[in-house]
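Shown here is one chain on its own, the form predicted alone, set out as structure tokens.
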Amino acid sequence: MKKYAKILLILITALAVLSCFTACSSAASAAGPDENTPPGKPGAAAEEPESSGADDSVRSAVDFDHELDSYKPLKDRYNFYFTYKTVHPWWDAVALGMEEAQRQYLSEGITVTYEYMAPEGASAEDQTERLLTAAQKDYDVIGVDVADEEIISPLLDRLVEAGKKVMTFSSSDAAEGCKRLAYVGNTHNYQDGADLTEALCEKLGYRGKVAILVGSAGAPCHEDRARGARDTIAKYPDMEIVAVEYDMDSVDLAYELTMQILKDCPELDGIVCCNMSNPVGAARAITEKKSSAVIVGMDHDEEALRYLDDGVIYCLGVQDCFSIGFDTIQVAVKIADGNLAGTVFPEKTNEITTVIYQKDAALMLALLYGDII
């Protein structure tokens, strides 16, 4: 969190001088796009060829310029509980958006407090225990980034039936039909996986051997991206999946798995990485083995962005974590006041993903980490 606190200070300063820093859409939609619908686009792609609007696309990939909407809270104090998959910088970035919403509510005389806790490693069992413990306390709303939809969704149903106000947020919603009250986050993980893999296939000339690093077993966002990758590769007869491995959101494990894949398949042409950790682990292995395999992956890890700038990673799908956090707090306040989806908030609030390439890396590093390359 210290690194991201520093980043926030840099970005607040930058906002004061960058009048062209435009807000991206945090558009709320009552339902996510169909997974088979071509980009229209939930993930706005910054195409590899140069274009006059490329800088604007990168600048709008993460929207730090938020204000509370016109909704007037009914109370002057709220207390929430949020748990997510695992301790990781991705969720630290989400927390920055939460903190900004908290600050703005406080400026209006409304105190928002919350617990924001997760295990060191993704575990549906651990998440179950945390949710059951939270249910015994007097939180206004319980929020969860689902670790495993098959295990966690029935539990959320039971909590709602017991009178608890439950929402999902971040990268993974519960299973279809779950009784949770709302979801704020990425509603198009399947499409993100398909978009990244399509970029990889095009780069490879639609032929080659590809590996997929999924992430955490059962995590809806990781599984959906991997499914999008598999379905995309299946369209091309000269493309072959040679390995599908679960790195459990660990950079070190992703590195080890990639090293093993390269040993088993030295002629590997590409790797699809389905979370924020595995592009880094894969890039370390590819660099060490001097492989020419093309890497596509997710998000804004600083090391991953440096690999992107160096050309080791071909492209990254960057999610707007700040907006996810900010909007999560706003929706939680409305749920706490007894509102239902479809009234003052949608059932699903969609946040964007922007695909960036090597030409975009320096600007993204400057915006997120204050680095000038």
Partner chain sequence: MTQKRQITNRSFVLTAILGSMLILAMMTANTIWVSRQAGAATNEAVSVVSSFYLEAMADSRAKTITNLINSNFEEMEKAVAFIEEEKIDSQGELRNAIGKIKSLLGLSRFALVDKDNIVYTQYTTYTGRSRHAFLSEETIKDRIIRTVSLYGSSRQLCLVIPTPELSIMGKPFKACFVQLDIKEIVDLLAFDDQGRTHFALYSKNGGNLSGTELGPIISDRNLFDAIQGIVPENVWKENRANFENEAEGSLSFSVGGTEETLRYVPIPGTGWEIAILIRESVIQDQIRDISERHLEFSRNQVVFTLVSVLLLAIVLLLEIRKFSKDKLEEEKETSRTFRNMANTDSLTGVRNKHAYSEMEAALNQQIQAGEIEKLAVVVGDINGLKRVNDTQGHAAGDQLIKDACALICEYFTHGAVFRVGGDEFVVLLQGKGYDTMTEVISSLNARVEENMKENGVVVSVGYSALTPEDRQLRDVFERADQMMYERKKELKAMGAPARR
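Residue numbers count along the first chain shown, from 1. Being a predicted model, the structure only gives us computed values, none of them experimental.
Only in words, not in the display: the form predicted in complex with the partner chain, which the text now covers.
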**Request:** Could you work out which of 93, 212, 201, 144 is the residue within 4.5 angstroms of the partner chain in the predicted complex, going by heavy atoms?
**Result:** 93
**Single option in 118, 257, 178, 248 placed near the partner chain in the predicted complex, where near means a heavy atom within 4.5 Å** = 118
**Asked** Is there a heavy atom of residue 320 no more than 4.5 Å from a heavy atom of the partner chain in the predicted complex?
**Response** yes
**Prompt:** With a 4.5 Å heavy atom cut-off, would you call residue 58 a contact of the partner chain in the predicted complex?
**Reply:** no
**Asked** Can residue 112 be called a contact residue for the partner chain in the predicted complex at 4.5 Å between heavy atoms?
**Response** yes
**Asked** With a 4.5 Å heavy atom cut-off, would you call residue 300 a contact of the partner chain in the predicted complex?
**Response** yes
**Message:** Just to confirm the contact call: exactly one of 80 to 88, 290 to 298, 213 to 221, 170 to 178 touches the partner chain in the predicted complex at a 4.5 Å heavy atom cutoff, so which is it?
**Reply:** 80 to 88
**Prompt:** Considering only 143 to 178, what residues come within 4.5 Å of the partner chain in the predicted complex, judged by heavy atoms?
**Reply:** none
